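A lone chain, given as structure tokens: the form predicted on its own.
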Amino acid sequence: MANFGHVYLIGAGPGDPGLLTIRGKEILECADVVVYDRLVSPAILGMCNPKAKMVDVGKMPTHHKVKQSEINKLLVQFAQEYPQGIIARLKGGDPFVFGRGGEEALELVDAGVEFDVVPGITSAISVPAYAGIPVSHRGIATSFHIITGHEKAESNGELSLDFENLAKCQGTLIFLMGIANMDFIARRLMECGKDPKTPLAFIEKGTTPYQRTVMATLETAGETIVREKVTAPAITIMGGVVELGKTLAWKKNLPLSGKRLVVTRAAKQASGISARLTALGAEVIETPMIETRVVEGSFNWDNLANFDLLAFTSTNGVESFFTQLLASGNDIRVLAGKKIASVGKITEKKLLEYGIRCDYVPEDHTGEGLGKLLAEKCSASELDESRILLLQGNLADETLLKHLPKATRWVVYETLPVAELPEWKREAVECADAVVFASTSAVENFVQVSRLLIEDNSTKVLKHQVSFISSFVSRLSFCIGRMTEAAAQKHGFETVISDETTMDSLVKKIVEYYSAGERA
């Protein structure tokens, strides 16, 4: 074999990122190139190697962004350009179930490129399952048939389906990609003798937070599509098993079903809130706006003896401090006899993970609240202000030093802005319902990155980039803390603030907001 990269034809599954196979995820995490389709979930794209070249070849129902023949050639081209590299071809559903993966594989064989197929969960079976419809059921259907709903014959331009035999089929009929042609399909099946009363279901955006099931019969298929405004991506399932969906529908509408939320926390901190929002039905787009980095050498451990109280103002400060503490060969015994203060409950919880209980936590979980509390303790001679050590980031303001001018501050970590958003993420963010901010720096960097998209005169401004800039202004944002809220309002966001400066409170507020909106 020539010195080519290795191509993996990966099925992304029906939409729910949890249905991507473990093997598929492992490959995406180390891929050098990812060639992906329109129906791949943004959450799955977020699993890809952040250094990978991302290539969108997505197809719309009536417009092919990149022709299949060109996609085939692209895979060969990338295999040649990346010797020993990993090229992931990421397709919705399963590559070999109307995914044209066979055509891509043949092109690779002809070019001498080695490939693997990583099967995906096909929508033909999984989407009905999410709607409570088994494709086979004892006594109702002993077979099921998967049919493409849009492939036309070259000779006459009509659908190349054997309607005569399909009409006689006693099993379940599952049509993929056929909503635009379903009125014609239904009429032809009835003309060939299929019972007009045959139960039928359209399932839109199956397995995603936007899933919707619309019931009909064969004779009402066309009018139902128009009346209910059924749109792609959707599958159509016909047969007696459809009736079971009325009893077995298990996927409930959760409080955040159908909502797309952008989480802007630093990558290592986003997973907690993302998991909770996802469990409540939301589609979460993790879009970290800041990165944190330990300031190495910022600690002089000999000087630690000069302080009686250590004040932590963020979870990043806690992690940075203990990372260097352990790296230096020390452990928590060097804190024996020292008082510990935390700005709020989130930081207090993080300290507890390291076995440290806090002595001081203000009721007002802000720098102002912590400064006032410690200043009061100093006035009461409970603390010596000159022996207080503030452990903060490089962007910390002067609030604490204003209340504690004799205290010492160590910068223990740096907050760095994320330089840019990849195109696939910009498109996902643009369609979001709200943005979640946990810090003022996340707000500022979100706005800054957005502005940079149109201020770079060296590149042509794309239409969707301009709309991205305008669309986030006045968009709803959920904020932790008054300072974060003020920063968001300054840039034109509509804001909703959590009752407490905790993630639990923020998630609760998000649910309350959307629940109240539905009641209204």
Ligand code: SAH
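Values in this document were obtained by computation on a predicted structure and should not be read as measured data. One rule holds for the numbers: they count along the sequence shown, beginning at 1.
Not on display, but discussed next: the form predicted together with S-adenosyl-L-homocysteine.
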Answer yes if any heavy atom of Gly317 is within 4.5 Å of a heavy atom of S-adenosyl-L-homocysteine in the model of the complex; otherwise answer no. no
Any of the heavy atoms of Ile71 lying within 4.5 Å of S-adenosyl-L-homocysteine in the model of the complex? no
Considering only heavy atoms, tell me if Met54 and S-adenosyl-L-homocysteine come within 4.5 Å of each other in the model of the complex. no
Proximity of Phe98 to S-adenosyl-L-homocysteine in the model of the complex, heavy atoms at 4.5 Å: yes
Thr292, Thr264, Gln392, Thr122 - the one with a heavy atom within 4.5 Å of S-adenosyl-L-homocysteine in the model of the complex: Thr122
In this chain shown alone, the residue from Pro233, Gly371, Gly344, Gly239 with a heavy atom within 4.5 Å of S-adenosyl-L-homocysteine in the model of the complex is Pro233
Within 4.5 angstroms, counting heavy atoms, which one of the listed stretches 299-307, 409-417, 197-205, 327-335 is next to S-adenosyl-L-homocysteine in the model of the complex? 197-205
Where, within 78-94, is there a heavy atom within 4.5 Å of S-adenosyl-L-homocysteine in the model of the complex? Residue list please. Gly92, Gly93, Asp94
